[in-house]
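One chain comes next, on its own, written as structure tokens: the form predicted alone.
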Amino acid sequence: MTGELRIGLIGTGGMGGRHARNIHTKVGGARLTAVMDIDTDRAQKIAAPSGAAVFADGEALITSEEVDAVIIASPDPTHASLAVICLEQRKPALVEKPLATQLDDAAAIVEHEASLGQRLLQVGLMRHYDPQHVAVKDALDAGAVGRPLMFRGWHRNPPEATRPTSAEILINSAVHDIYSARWLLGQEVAEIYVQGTTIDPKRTDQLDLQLVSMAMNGGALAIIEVNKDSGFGYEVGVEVTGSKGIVSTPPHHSPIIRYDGEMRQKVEPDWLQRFAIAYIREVQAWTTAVAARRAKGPSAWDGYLTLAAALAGAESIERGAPVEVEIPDQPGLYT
């Protein structure tokens, strides 16, 4: 592929808008040429800086001759159908997580892509590109703390205007943490058990604070705290206990200020600020890989397995007991 990679963007909310700005101002070798959103006014504002065309239909954008590759940042339930169209058109796509909201749809995507014999999809599990997480992964790969035995992760969020359900917390938020555990430990989720409690007393039927316990297929353990109403900001981190020591991410990016009898450190307000560098590196890595026709990064297979664990977690809440996660044979395309 020669010249700049022409990117089409579907969805211009917080994540889509961030991708658009990064492509226009931070990412080399690519430019935004097409934008689609049901909110046409917002789509036009996002498209204006790069002069991108505005589309009223996602399929029309994907099939456009002015689009070489697609970013899917639309609402979760639309991801699977749009990803299938990209596969049918043989157009690479960066699909924001989750890959799908139903496991059968994710399985069909994996089967379809495997039948093509070419990786065209990357899933937006951006912690793979976060400098803090990458430093932990590098330390583990170097054997700095010996054999990894236990993963601990925390994912604390400010409250949202529209509160998610217990299942949505797992499918939309905890998939990041599940991926981190799989990636850092190098093992798959064999069993998951989710317990929780309600922070908002008006939401007695939904679990805003969840404790996710996972047994991995290589013998390691993983524990994740997911809090959708932290009351103080946004905070994500990991700690891995090994046979010889512990490696963890630092608390925050901000400086510690000691003043007037207090010690303070600011917390990021949201994920867009916390992972600002990761989003840039993610899109740059994706566009570079697409241009070289060498897919890298989290795959559709990763998207399938993280969703399988998240959905099993939702079932665990309903049953009040651990649930086994079925791990099918890995297609050769993803080895």
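Keep in mind that what you see is a predicted model, and the values were worked out from it rather than measured. The first residue of the shown sequence is 1; numbering continues from there.
Just so it is clear, the following notes concern the form predicted in complex with a small molecule, a form of the same protein that is not shown.
Taking the partner from elsewhere, R182 is found to have every heavy atom lying beyond 4.5 Å of the small molecule in the model of the complex.
Contact check for S230: every heavy atom lies farther than 4.5 Å from the small molecule in the model of the complex. In the model of the complex, H79 stays away from the small molecule, with no heavy atom inside 4.5 Å. Looking at Y234, you'd find a heavy atom of it within 4.5 angstroms of the small molecule in the model of the complex. Of the listed positions (S173, Q132, T241, S166), a single one reaches within 4.5 angstroms of the small molecule by any non-hydrogen atom in the model of the complex, namely S173. Every member of the trio R127, H155 and E160 reaches the small molecule in the model of the complex with some non-hydrogen atom inside 4.5 Å. Screening 189-197, 103-111, 260-268, 173-181 for residues having heavy atoms within 4.5 Å of the small molecule in the model of the complex returns a single hit, 173-181.
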